[in-house]
Each structure stands twice: as structure tokens, then as C-alpha cells.
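In the form predicted alone, a lone chain appears below as C-alpha cells.
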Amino acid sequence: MTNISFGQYVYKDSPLHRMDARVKIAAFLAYVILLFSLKNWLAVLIMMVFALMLFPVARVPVKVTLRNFKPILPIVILTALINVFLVRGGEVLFSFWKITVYRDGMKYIIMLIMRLFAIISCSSLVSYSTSPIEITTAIEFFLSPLRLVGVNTNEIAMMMTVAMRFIPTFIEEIDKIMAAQKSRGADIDTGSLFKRIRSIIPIMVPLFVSAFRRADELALAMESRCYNGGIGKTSYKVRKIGRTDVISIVVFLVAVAAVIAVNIFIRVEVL
């Protein structure tokens, strides 16, 4: 659990940190949509390399992505094993007993892993380079059309931001509870699968108690600061699209055009 860093914000004086949060979130959504619409593995590889090139720009170590990828590695492996046998098509790579692996199945797994790695890389960059307040403002901006039908977009944005911000907090709380349980002689890391599942119950109960306590403390803190759900709210710091944002948009559009051109005109077989 300590490997999950999503929801954390690290202040750095970098061009990515100075960008408007609205531009970063819009670019991230466009990145994800484009990533899953590509059918050429070389284009997906370019998208993944493009994400990795942004880490030095944001002054964030690449190992952050590797740390985020580690918790979902068992799910990725399980998904790969299932699909490598279910996806049929193309040449047979090898066959053993009733197990047959096809070329299209291996291609699908390679594309899946590359896409997941690219998405985790970009989400880590957005999380590390954007403060919770900026995320709230950006989400509220994108949801602003819902105000026409009477939806309080500020409350929705605040709930989403608080949920993301509390991810690392709850992970830290889980580590403390597990350490306390182990100090009392609880066996959490060994035993059969059923026994390890049962050992989660003594962890979840105090975790829920801590979550409700933190939620109550947060509600009291917001009420003491006269938070009223966005009615008549004004922004302390008004963000505007600046030079860095314009340059970033141009670079992103050029990269997207290059990737689309590679996806259409260049065909290189991975297997």
C-alpha cells in the first residue's frame, strides 16, 4: 500500500507545476482517449515515451511511476494470463496440451501493459504537479455547465478532491494499524488465503472508525471557516491561461498530430 502515491502533491518550481490545472486535466483526458483509440503499437510506445519525457520537466523521479505500477502488477499479470489464452487470431506461437497462444493474444497483452504504464505515468504527473485547490477549481470549471440545471458543482468538485487527497492519508493509516496489530501478535502476512482474508477484518474496523473521525474533523474545520458549499464563493487566486500553457498546448497538439500520423501511415509488426 505504501507504493501508492496517487493523490499526493509535491511542490516544485517546474513548468508543469506552473501550468493551469484546467489545461493539465484536459490534456490528460485527451491523452487517455487518444491512447485507447490507437491500434498501432509504435504509436502507443511513442505516447508512453512522451509521458516519461515529462518527468524531468516536472522534476519528479521516474521511480514514482514504477512505485505506482507495483500494487496493480498482480492484476495486470492475471489479466494478461486470461487474455493471452482467450484472445484468438493470427499465427499460433506455441501450443501445449489444451493451451494455445496466438499472435493476436500476445499483441493485445503488450498493448495493454503499455497503455496502463502510460496512464499511470500521466496520472502521477498530474497528481504530483497539481495542488488539491487547483484540482478543485479545474473540476468545478469543467462541471460549470451543470449549473444551468441547478447542480452545485462546487460541492461535487470538493468531494472529488477530498476523496483523492485522502488516498495517501488512508494508506498511511492502514500501515499504522497493521503495525499495531503485528505488535500485538497478529499474523497478517502468512497463512492460507482464507486466513489472510480473515486477518483483514481487524484492520478494516479501526480504519472505518478513523475515516469517520477524520471526516467529522474535516466537516468541523470547514464549518469553522464558514464554508457554505460555493454559494457566493470567489476564488482567492484566479488562474489565467499564460505563456507556459500556450506553449504546452502547442507541444501537445504537435505530439498528437505526430502520433496520429504514425498510427495511420507506419506499420511495424511487434511479433
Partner chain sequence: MDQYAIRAEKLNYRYDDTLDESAFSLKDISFKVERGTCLGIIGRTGSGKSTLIRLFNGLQKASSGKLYIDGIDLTDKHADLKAIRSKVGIVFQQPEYQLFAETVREDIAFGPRNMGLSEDEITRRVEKVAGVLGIEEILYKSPFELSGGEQKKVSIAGIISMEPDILVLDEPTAGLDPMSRRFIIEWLKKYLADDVKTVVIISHAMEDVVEIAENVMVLKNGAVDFFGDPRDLFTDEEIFIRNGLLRPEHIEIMQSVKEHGHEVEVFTRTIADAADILERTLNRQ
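These figures come from a predicted structure and were not determined experimentally. Here the rigid core means the biggest group of C-alpha atoms that line up within 1.5 Å when the two forms are laid on top of each other. Residue numbers count along the first chain shown, from 1.
Below, we turn to the form predicted in complex with the partner chain, even though it does not appear here.
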Discussion item. Does the partner chain, in the predicted complex, lie within 4.5 angstroms of each residue among 176, 180 and 187, using heavy atoms as the measure?
Written reply: yes
Worksheet item: Is residue 39 one of the residues lying within 4.5 Å of the partner chain in the predicted complex, judged by heavy atom distances?
Response: no
Fill in: Partner proximity in the predicted complex: residue 209 to the partner chain, non-hydrogen atom cutoff 4.5 Å
yes
Worksheet item: Going by a heavy atom distance of 4.5 Å, is residue 243 a contact of the partner chain in the predicted complex?
Response: no
Worksheet entry | Contact flag, residue 239 vs the partner chain in the predicted complex, heavy atom cut 4.5 Å | no
Response to the item:
Per contact check vs the partner chain in the predicted complex (non-hydrogen atom within 4.5 angstroms), the hit among 220-228, 44-52, 22-30, 198-206 is 198-206
Worksheet entry | Residues in 119-137 close to the partner chain in the predicted complex, defined by a heavy atom within 4.5 Å, in order | 128
Worksheet item: Do you see a C-alpha shift of 2 Å or more at residue 56 between this form and the one not shown, with the core held fixed?
Response: no
Fill in: Core-superposed C-alpha of residue 34 shifting 2 Å or more between this form and the one not shown
no
Practice prompt. Tell me, please, whether between this form and the one not shown the C-alpha of residue 207 is shifted by 2 Å or more, with the rigid core used for superposition.
Written response: yes
